[in-house]
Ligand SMILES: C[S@@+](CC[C@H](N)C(=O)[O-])C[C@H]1O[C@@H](n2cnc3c(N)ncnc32)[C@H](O)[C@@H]1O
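Encoded as structure tokens, the following chain is the form predicted on its own, with no partner shown.
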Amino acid sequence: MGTTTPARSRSTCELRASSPCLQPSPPRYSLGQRCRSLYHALWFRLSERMRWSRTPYREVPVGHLADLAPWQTARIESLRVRYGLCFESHYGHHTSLANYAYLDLLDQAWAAADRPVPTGGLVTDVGCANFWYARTLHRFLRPAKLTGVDVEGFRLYPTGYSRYDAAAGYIEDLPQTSFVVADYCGMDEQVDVITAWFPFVTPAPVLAWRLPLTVFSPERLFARITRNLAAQGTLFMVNQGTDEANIAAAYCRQAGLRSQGQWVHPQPLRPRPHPPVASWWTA
């Protein structure tokens, strides 16, 4: 993930049911998008065919987070105390700060919603990339089993390690935690909690992540989420800004999911171009 610009500030948090929106329309791709998709498809197929893997990749711990604003330092310290986590003892600066940002969102969102955190169950995270935030989910949800799923597992990084190697390093000391390379739309496993951080609900981010548009199928994705949620299970989703959240909400409703509330982050720990929007859904 690259550098982002500061998110616009909000004086109060929003906690409300998602507003009604129209049914999503099928995407129409430009010639440029189709050409980019074909190019990404070539490399995607090549990496999945080669399945390059070495050994688990481990980041060099930064030890101390520097160059933070006073409010960021104070918030991180409160998270350390509350959850007993020190990410900088495991990861570099970027990954440590990103994990604190996810933990901050989880902590504030569930507190604002005044909802009991569903701990001790089966948890699946959809679209986890290399699952760099597995430790955050593990500590917050305290699952009996945690599974991260991503359609692309063998992208090669400049370090010579693959995404699979990175995921292996991030989860190696977490009990009952696994990383699965698969199209989630084809998975059939009922769980208590499904988390989805910034799922693809528009084509542009798919291409930005250098993936082919053939993997973009939000209707199938949310239909599968609905099918895989256990009775009284929860989908916890985070989107980029309210516009994207509204599009995602339309797909959720189309799949038969029911909104349980929405919350907009007033001041993300890591600045983003759009404020993260968290929402809760049940089947």
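Note that residue numbering begins at 1 and tracks the sequence as displayed. As the structure is a computational prediction, the values presented were derived from the model and not from experiment.
The form predicted in complex with the named molecule exists for this protein as well; it is not shown, and the discussion that follows is about that form.
With a 4.5 Å cutoff on heavy atoms, Val117 does not count as touching the named molecule in the predicted complex; it lies far away. By the criterion of a heavy atom within 4.5 Å, Ala74 is excluded from the residues contacting the named molecule in the predicted complex. Although the partner is absent here, Asp104 sits far enough away that none of its heavy atoms falls within 4.5 Å of the named molecule in the predicted complex. Contact annotation: Ala182 falls within 4.5 Å of the named molecule in the predicted complex, judged by heavy atom distances.
By the 4.5 Å heavy atom rule, the three marked residues Pro56, Glu59 and Tyr91 all fail to count as contacting the named molecule in the predicted complex. Though the named molecule is absent from this view, in the predicted complex it lies within 4.5 Å of a heavy atom of just one residue from Cys128, Leu141, Ala166, Leu85, which is Cys128. Put simply, of Leu122, Leu97, Leu174, Leu211 only one has a heavy atom within 4.5 Å of the named molecule in the predicted complex, and it is Leu211. Of the candidate stretches 77-85, 196-204, 166-174, 108-116, only 196-204 has residues whose heavy atoms lie within 4.5 Å of the named molecule in the predicted complex.
Looking at 141-179, the residues that come within 4.5 Å of the named molecule in the predicted complex, counting any heavy atom, are Val149, Asp150, Val151, Glu152, Arg163.
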